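In the block that follows, a single chain appears as structure tokens, in the form predicted on its own.
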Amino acid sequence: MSEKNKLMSLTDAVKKFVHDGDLISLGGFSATLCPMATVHEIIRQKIKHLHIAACSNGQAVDELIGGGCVERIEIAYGGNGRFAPTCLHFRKAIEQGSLKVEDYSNYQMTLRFMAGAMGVPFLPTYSSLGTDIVNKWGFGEEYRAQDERLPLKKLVIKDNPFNRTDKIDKLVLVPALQPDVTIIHAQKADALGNVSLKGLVYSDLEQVKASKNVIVTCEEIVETDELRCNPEYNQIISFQVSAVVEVPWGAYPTAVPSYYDYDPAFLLHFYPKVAKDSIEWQKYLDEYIVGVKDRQEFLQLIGTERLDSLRADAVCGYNPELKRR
């Protein structure tokens, strides 16, 4: 049986696999490998009431929330480091009560995706013992009881059943996550859905394996034989992927190791100016997201000179000449 070609346009991939109210998992970490092209397409298609799950994501989460797409989120950290220790749309929505949020540690979120990938209902950890993560719940038990897609409890503290009676050892049991769709950005993929990921992969692999559907955007589509030249990077296999979309600069303004760095000028302007001011955000939304038909038109607004200044060094994988302050 021949393998299936999974190439799609970004518009078609989002239309087919992302729907109102879905549980969406976003790959990447803070200002690296965020699937920004897909985020913009979701906003353009006016998809609403999303339930987002992520480990530590900054730009993708913040723009989705600012675009009015997100109803609730489970996350360890919503920020972009020094640019935004806490992302501004994320923070504002929580303060205004328009976004329900439940927090876990990064390790716990990864374990939750791992449990989903393994098909088990939970996994144990010591992570968060002695912290308010255990005590503070974003979703109350009554709220959970009304939605069968939510676990009845945020987590459960249990004695370790394998310890000797003279040593009481507590464990935190965290519930599995199985997203409707996981969205990641990668360096390379082939038309069949085999994906090459370089650099830190964060929890992207666990998220992909846990998910019912997976959309992969990538910098370039290559022949399968090219992927075979570096098999150690091919950590996502065709049967795990639902759609593949070639989107050069698909993570901008965040970084893609070996291709381009994050854009400090963009982020330094975005957080103090655009995300903080509702009028400026609406202008950005109208001009750069809703006002363009696709990623190519967005990139034309950014400009080739600016993009070229971010290109990564072939050896170190980032841009050592980039002015980051």
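Just so we're clear, the structure is a prediction, and the values are computed from it rather than from any experiment. Numbering starts at 1 and follows the sequence shown.
There is another form of the same protein, the form predicted together with another copy of the chain; it is not shown, and what comes next is about it.
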is_contact(residue 111, another copy of the chain) in the predicted bound form, heavy atom dist at most 4.5 Å: yes
Non-hydrogen atom contact residue 222 with another copy of the chain in the predicted bound form at 4.5 angstroms: no
is_contact(residue 243, another copy of the chain) in the predicted bound form, heavy atom dist at most 4.5 Å: no
Heavy atom of residue 198 within 4.5 Å of another copy of the chain in the predicted bound form: yes
Contacts with another copy of the chain in the predicted bound form, stretch 123-155 (heavy atom within 4.5 Å): 123, 124, 125, 126, 144, 145, 147, 148, 150, 151, 152, 153, 155
